[in-house]
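In structure tokens, the next block holds one chain alone, the form predicted on its own.
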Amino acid sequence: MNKLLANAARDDAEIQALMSGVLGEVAPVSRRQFFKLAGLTGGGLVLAFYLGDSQVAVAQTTTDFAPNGFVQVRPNGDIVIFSKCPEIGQGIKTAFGLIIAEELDADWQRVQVKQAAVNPAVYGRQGAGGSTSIPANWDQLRQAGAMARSMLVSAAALEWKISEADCRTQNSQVMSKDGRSISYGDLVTKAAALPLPDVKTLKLKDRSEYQLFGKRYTGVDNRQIVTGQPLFGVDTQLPGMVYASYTKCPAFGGKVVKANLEAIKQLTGVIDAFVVEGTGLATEVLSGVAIIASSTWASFSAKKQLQIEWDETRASKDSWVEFMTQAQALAEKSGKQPLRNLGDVDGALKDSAKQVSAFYSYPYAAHATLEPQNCTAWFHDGRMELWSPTQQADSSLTLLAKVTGLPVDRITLHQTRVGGGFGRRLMNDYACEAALIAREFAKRQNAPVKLTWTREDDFTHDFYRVGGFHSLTGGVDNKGKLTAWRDHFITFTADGEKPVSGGNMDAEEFPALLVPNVTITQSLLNSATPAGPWRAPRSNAIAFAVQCFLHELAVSAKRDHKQFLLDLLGEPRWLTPGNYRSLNTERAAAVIKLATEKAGWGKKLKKGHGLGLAFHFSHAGHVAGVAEVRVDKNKKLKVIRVVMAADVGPIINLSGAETQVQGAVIDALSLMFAQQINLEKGRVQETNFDQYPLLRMPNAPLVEAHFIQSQYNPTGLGEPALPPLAPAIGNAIFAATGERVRTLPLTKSGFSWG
């Protein structure tokens, strides 16, 4: 099973690869590249370029229109902007459009944003994950808009025979000092004939010049979504399409021995059924049985009648009960792998005025995307064409080439809107399955094959948020200041050497850089269960243990939690100088102060009510949250209000940012209250939403989002807004009841909704 999961670990470090390739030197444009780009766009001034390691820069006009490039200005004044990265509900399609439109000085009412084709040669990386979409593409997108604006200004200056310095732009118009104006649409022919300016000469807007940013904008796809237009992968419809299901072993890694294929082929609506041997890797294709039918319903109905004999010799035997037993035994001592050792923890604990120890645990969790995994694949004319709701459009091309044995240039991928990702669709196993099924079916019939997973498939073959354990000890001095911190982190491994994806902890994890005496060690439990990034990888779970334990220490020292955290942060500084993605104590203190101010920290509450505070730094975002809860004598919990404060640099779309925070709170509350994945004999026990409940509307709190529009470059918001919620509620429960929650989900401690 170690080999089975060898490629499953794609942790935060790999997600950070999305950050690479933003700027580079201009490379010469080959004749083939020129004609390839020229044939893709049309109807006005078009700019297509990748400002990365291999820059392509082309300006031209054609008569036919097809979506590619970043900017198209049409003769009628309409502007089309192409969003390069996947839209997974995080609002990036709208945000990318606004970033380009801001630098272009475009009239937003005349802008249309479309999903770009998958073409890394033009766009560079086309992925979404780790809250890197905006920071990774910030300069590239601004330069795309600025380049178009520069060429339009040059065209106007030539038209008027004046200096470019005497021109300015606003609302899709160029204006001169003497009062003349001309629309962008009237300039496209002249602008298209101009040479491209050197990227290094482009003047980007100063922060004070922003006109579009920080306001509320509706999502560019909202009307289509609410009217049921086909945007998502599961909506894909093609002429002559057939429908597939795929059944894998319920224990991870089992292989098909035999199945009742002939009986399945006789069922109504079934066209074919066959075994797919697969590649043996969970990230690609595991052994299973494909059923091709005339409808999804017919395929799903036949799937229920499958009788498969599995070889489980090398299949998973994982058990959560056994994992818990192992972790509790290990918690009594230090881990074998040292992560950080600073100062004298034993001495500091001995000298501390107060010492606290605690054991925290959290379970495996499923992504539970509302759109189940799906992909449509069509093998024709020696080519593979796919329609996929993926978070990693560019890297999936390479993976598909490996699995199918086809050259990358024989694979075409159309990226659809994604009905929920949260890290699940950083993996492209469902696309690999569809490709192999389509290629096999093409031997019988030439037709597109739409693979759709059942909800049970989705729950039982996820790449889960891995569970974990923390054995913590801390000490405070007689002034109530944190002086010693010890964390024995117990996590999981697939290869016996390193943690699984999403199961690692950084040696500098908060508050390690702020305490004079720190010891962090690690123990690894062997697991064959696939694991992967889940919204705010690592931080989504670690924050619960760390931030609740900090509150335990503040309580033991009889100190106000807010002041305890502010004292811990100390003087304003970057904890890693020169690294803008490191924690800045001034920014951290500011969000703590803002959240507590807006929540009324310190106010007198009714009996059974409590306020809880937590701060966490993750994915370059500084976020603090305060939760107000009510708990009655029967442990019925009501989360009344959640106040979040964030500093992620300038907000592009205020509506989108608020939605991100609200969604993060709802996701985090769902997860902490009742969601868990239990494993027995390598099998997932929770197979649908009746066993893995989502938060319902009557239990949703009022959520307030507040932002500090700081001077720093923007960073992501989808990940960092989530981690503070669970510890804030845990701390609020303690404030209301005196009971400390150290195990998730809350239902394990007897809580119910009230």
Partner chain sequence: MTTLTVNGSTHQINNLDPATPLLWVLRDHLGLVGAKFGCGIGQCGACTVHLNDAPMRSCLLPLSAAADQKITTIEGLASPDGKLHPLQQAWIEHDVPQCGYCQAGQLMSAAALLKQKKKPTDADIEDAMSGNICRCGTYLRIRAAIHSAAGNSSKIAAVVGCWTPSGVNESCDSTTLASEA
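Just so it is clear, the model here is predicted, and its values are computed rather than measured. Positions refer to the first chain, counted from 1.
Just so you know, the form predicted in complex with its partner chain exists too; it's not on screen, but the next bit is about it.
Exactly one listed residue, out of G682, G254, G419, P499, brings a non-hydrogen atom to within 4.5 Å of its partner chain in the model of the complex: G419. Among H367, R486, H551, R74, the residue placing a heavy atom within 4.5 Å of its partner chain in the model of the complex is H367.
The shortest heavy atom separation between Q709 and its partner chain in the model of the complex is within 4.5 Å. Although the partner is absent from this view, V289 stays clear of its partner chain in the model of the complex, with no non-hydrogen atom inside 4.5 angstroms. Its partner chain is not shown here, but in the model of the complex it comes within 4.5 Å of a heavy atom of I88. None of the heavy atoms of K479 is located within 4.5 Å of its partner chain in the model of the complex. Checking 152-160, 656-664, 441-449, 603-611 against its partner chain in the model of the complex, the stretch whose residues place heavy atoms within 4.5 Å of it is 656-664. Contact residues in stretch 113-151 (any heavy atom within 4.5 Å of its partner chain, taken in the model of the complex) are absent; none meets the cut-off.
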